[in-house]
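Okay, here we've got a single chain as structure tokens, the form predicted on its own, with questions on binding and movement later.
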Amino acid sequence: MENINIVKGDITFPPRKVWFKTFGCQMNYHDTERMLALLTGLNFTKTELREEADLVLFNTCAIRGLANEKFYSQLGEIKHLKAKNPALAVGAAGCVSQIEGNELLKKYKHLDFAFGTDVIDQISEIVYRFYAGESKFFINAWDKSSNYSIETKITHNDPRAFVNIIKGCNNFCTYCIVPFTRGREISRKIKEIVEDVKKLVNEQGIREITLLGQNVNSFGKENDESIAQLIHQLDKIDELKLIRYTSSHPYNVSDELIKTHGSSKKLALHLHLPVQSGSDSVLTRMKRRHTRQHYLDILKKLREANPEIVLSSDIIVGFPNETEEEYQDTLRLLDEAKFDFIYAYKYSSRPGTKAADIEDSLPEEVKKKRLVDLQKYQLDVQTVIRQGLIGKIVSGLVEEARTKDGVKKWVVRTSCFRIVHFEPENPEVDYKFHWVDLELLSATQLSFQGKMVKDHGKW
């Protein structure tokens, strides 16, 4: 099969290999898998070794400065690979490409084409154009239709899948470039999503799905639908075991959705709900549209609806002119919110956002110290939480095996998104993708050691 050529139009496509490098959020990883699935129609298979690739594709992220820097660095390195192999095709996709595509093509002579976030499904046409003789071209047209309709495509042998249900964002937080890279919100219809998931479950053995969107709990507003209604319908799919969703905005957490966290039998016992700051004045400058108390009230309602729910969040420190008191407000929020874990970032200015125009007097070294101190503070908070869980029975999916110092342990991700390691009684048994019950024996700041008490078998 590997030696069979594919003919498209007047071009013959022999078997070729594509190497992807993906930066950023789950949406980008979902887009990468979608592109790989579509490129199989042009005889491409994935390789993990960029040295053997015929096509190199970067899927970029414009949200964090560090992701940008890594992309530019690795794109620069590829010129040496192309010098050795002039036939190598090099492309850039995603958020950086959406807003900087023409500049990238001018600056990096070895970059052949670039395309934006809303033309992912045109990847086969884009690659076809390159092999037809075009080069140095850029596509970033927006999808102008009012009907967002796609079919989920996966290529992995994993019982989990990302399912995109909404794209874009209407919030325009002052630090965030997403509305400029992903456009305005537009949702799929519930009926289509349910049929999509049924197909994944019945034909590809998917047992866990993560519903994706830049503002996922804003889903369905233009169609008089809601994510709570969607979850209710997905609950009815027999072989579907677990439902997650991300990313969420506190402003769009409805009472209906909170109630669903208590009533759904398949919704995961975890919600990631970014707060960004514990200071009302900073939240106002960020244009987050929620207050500290509003956020804490949501957490209280969620815990009342489902006492087992585990909550995590995103925090930005060093927002322009953040005062010491504003920073201390965020530390106090960590004490009150009792997050299981957080993702914390030092503010990075993104060109084109309103926050980028603020004259900032806060020294960089202060921002760095605040980030380090906040991370240490949160680790102390979650250490207390985790020590209190010793002896509890939890359930989760075995992801992989790891061997350290000659000892083999399996890694489990629980429904509440915690990581538990356990040493099997029989090292020869393959537990990958088994659903297991574990007793928590000990805890660190980031994970647990456990003992398997029941193996429910492979999903």
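Counting begins at 1, following the sequence as shown. This one's a predicted model, so the numbers in the text were calculated from it and none came from an experiment.
Just so you know, the form predicted together with ligand 5AD exists too; it's not on screen, but the next bit is about it.
- Partner contacts here mean any heavy atom within 4.5 Å of ligand 5AD in the model of the complex, and among 298 to 306, 105 to 113, 171 to 179, 133 to 141 they occur only in 171 to 179.
- Though the partner is left out of this view, K70 does not reach within 4.5 Å of ligand 5AD in the model of the complex, counting heavy atoms only.
- Ligand 5AD in the model of the complex comes within 4.5 Å of a heavy atom belonging to I316.
- Residue contact with ligand 5AD in the model of the complex: G101 places no heavy atom within 4.5 Å of it.
- Although the partner is absent here, Y148 sits far enough away that none of its heavy atoms falls within 4.5 Å of ligand 5AD in the model of the complex.
- Of the residues given (T246, S226, S348, Q378), S348 alone sits with a heavy atom within 4.5 Å of ligand 5AD in the model of the complex.
- Distance criterion of 4.5 Å from any heavy atom to ligand 5AD in the model of the complex singles out R64 from the list K46, K432, R64, K408.
- Residues of 263 to 294 that come within 4.5 Å of ligand 5AD in the model of the complex, judged by any heavy atom, are P274, Q276 in sequence order.
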